[in-house]
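Okay, here we've got a single chain as structure tokens, the form predicted on its own, with questions on binding and movement later.
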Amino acid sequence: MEKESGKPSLPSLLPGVMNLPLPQSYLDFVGRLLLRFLQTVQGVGAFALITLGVTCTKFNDSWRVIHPLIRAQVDRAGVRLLPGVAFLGLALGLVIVGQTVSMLNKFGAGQYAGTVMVTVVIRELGPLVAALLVLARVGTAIVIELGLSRAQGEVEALEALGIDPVHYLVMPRVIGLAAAIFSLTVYLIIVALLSGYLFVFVQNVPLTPADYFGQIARALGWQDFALLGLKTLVFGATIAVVTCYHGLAQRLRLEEVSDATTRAVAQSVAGCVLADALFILVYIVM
């Protein structure tokens, strides 16, 4: 048929189509995305190094002013979010932990309940849920506050008075959010495990409290405690650095604050997910 019609068949056209160069507009679009990504990584990385340097060298400077600011951030990002974390922990325990234990016992695999709960709740969902809650409630507010301060010239006024904006505005938020996410994660895990057993008890699963918590204790290792603490601190520092960067690092107009908040939330989520992926690799290696 190909010879009679004089037209090449589709398979004979595919190699030529695949070898055609990509459209210039597509290459420009991908190039702009790549350059924007590299610029963002460079800017956030430099801002993180500056914040780390200021934290290490000026932690006790003006402590009568800075330390109350740190406690205020812990109260704002931690204590005030306890009711929301309790609700999420209750839902997490009833929806995931209780049903998982019930299904494992139904299929005769109840001995793996502790391992599943440690892997799913303690290692992964607990830190991520607490971090996303703090990002939604506090991280967005940080971008708006610092963005408005930057747009209205308040940051320049601090610099004119000889006050380091990173020391006064950024460092308390980084330490406060890191401590708050660590505390909220521990609280959320405890509530989730307790509410999970409540669901198991209601479902009449033949599992005593001693067996339930004993399986969890046997599945836990020292690396779980160490990496859980390190992961939550990294999540808190990542959220604080990214949100403060978008609020302070660039001069914003009032109408640009909302766009900066959207970028900060998206990049904070991406940073937490990438950090979580690195910790998963550490768990696998260990």
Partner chain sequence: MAAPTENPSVPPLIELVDADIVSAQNQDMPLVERVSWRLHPGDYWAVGGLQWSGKSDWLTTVAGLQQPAAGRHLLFGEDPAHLPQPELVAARLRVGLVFENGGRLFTQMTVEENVALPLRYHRNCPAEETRETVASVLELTGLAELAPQIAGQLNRSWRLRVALARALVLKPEVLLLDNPLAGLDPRQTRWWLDTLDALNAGHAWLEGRPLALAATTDDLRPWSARARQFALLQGRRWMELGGRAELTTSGELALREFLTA
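Nothing here was measured: the structure is a model prediction, and the numbers come from that model. Positions refer to the first chain, counted from 1.
Below, we turn to the form predicted together with the partner chain, even though it does not appear here.
Remark: T55 does not count among the residues lining the partner chain in the predicted bound form, judged by a heavy atom distance of 4.5 Å or less. The closest non-hydrogen atom of S62 lies within 4.5 Å of the partner chain in the predicted bound form.
None of the heavy atoms of V202 is located within 4.5 Å of the partner chain in the predicted bound form. Put simply, A86 is far from the partner chain in the predicted bound form: not one heavy atom of it is within 4.5 Å. Per the 4.5 Å heavy atom criterion, the partner chain in the predicted bound form is contacted by stretch 147-155, the sole one of 147-155, 126-134, 102-110, 182-190.
Looking at the partner chain in the predicted bound form, residues I66, E159 and D164 each place a heavy atom within 4.5 Å of it.
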